[in-house]
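The chain that follows stands alone, in the form predicted alone, written as structure tokens.
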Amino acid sequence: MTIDAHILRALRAADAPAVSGAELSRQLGISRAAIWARIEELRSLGYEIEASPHQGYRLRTMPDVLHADDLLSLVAPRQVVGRDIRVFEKTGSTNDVVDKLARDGVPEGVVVFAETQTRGRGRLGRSWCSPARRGLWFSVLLRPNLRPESATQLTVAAATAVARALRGFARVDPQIKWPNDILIQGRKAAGILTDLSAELDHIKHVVLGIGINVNLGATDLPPELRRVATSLRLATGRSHRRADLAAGVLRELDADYARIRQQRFPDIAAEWAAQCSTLGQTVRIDIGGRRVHGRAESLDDTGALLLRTTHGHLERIMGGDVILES
């Protein structure tokens, strides 16, 4: 963890109203002058830090920016997801950045955020609207010990983690639309894109791309999406500090990834089913040039959807575009 992340964590965790420069110097093993220099740098980034010669430093307000040290200060020290956090002001696609890191051998758990994306991607080749400083656009590198056919477990786990984080953070009631959409009040507020690199019998790496509409207003959405998409701000009537939500999502992702590593996917699947708006519905699923109709019944142990077709057959569906028909 960097010095700035340590300072921000100490300022947040201080039991007293403020933390002294001497205490920060002792904790970090650097001089008080070096502490002062880092405090000045944090102030230049928009952190309002009050200094008192008798009491020490107090964190008063924080900017609504994504700052890697700030995010590191908010996650647990032993987390896998979020052990390494990188923030770009602008990038093409965070999934592409993380995929390159994966091929360069970077360990799992690295997370790349972008304040805006110029080529944000959704499923099925669609673009993802990523207005600057309005949402969370990020990707996570994982190297799970899973066979390729079980990769859908990670999409399911990500959906439950994002839904749980949104519920706890903003007091909303999200629902999951299989396979990768998070809905609030029936409109899409978040999505997940899973990119897989695998050999025949094992996964080399997975990139989980996650987009969450946080502080978008109606005019931030393209006209064609305004009837089907929403944001936390539109749903709750207030703005939200994105760094706090980002840290909450990373904590929940880490917890669910631990459950997968412990072979506890059935627990995740049960939680997913309890908040899935797709199960029990009559749906149409477009898979490439093929169209399937039926009733969505459950997930199997790999995370695939089990669909009872109109002919009575139980079909295993790995992905596709889902339209509710009932």
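From a predicted model like this one, the values you see are computed outputs, not experimental measurements. From 1 onward, residues are counted along the sequence shown.
The same protein also has a form predicted together with a small molecule, omitted here; what follows describes it.
- The chain is drawn here without the small molecule; in the predicted bound form, the stretch among 186-194, 224-232, 167-175, 144-152 whose residues come within 4.5 Å of it by any heavy atom is 186-194.
- Three-residue candidate spot Asn95, Arg121 and Trp128; every residue lies within 4.5 angstroms of the small molecule in the predicted bound form by at least one non-hydrogen atom.
- Interface residue remark: Asp256 is not counted as part of the site for the small molecule in the predicted bound form, having no heavy atom within 4.5 Å.
- Of the heavy atoms in Gly211, some are within 4.5 Å of the small molecule in the predicted bound form.
- Using a 4.5 angstroms threshold between heavy atoms, Asp181 counts as touching the small molecule in the predicted bound form.
- The closest heavy atom approach of Thr160 to the small molecule in the predicted bound form falls outside 4.5 Å.
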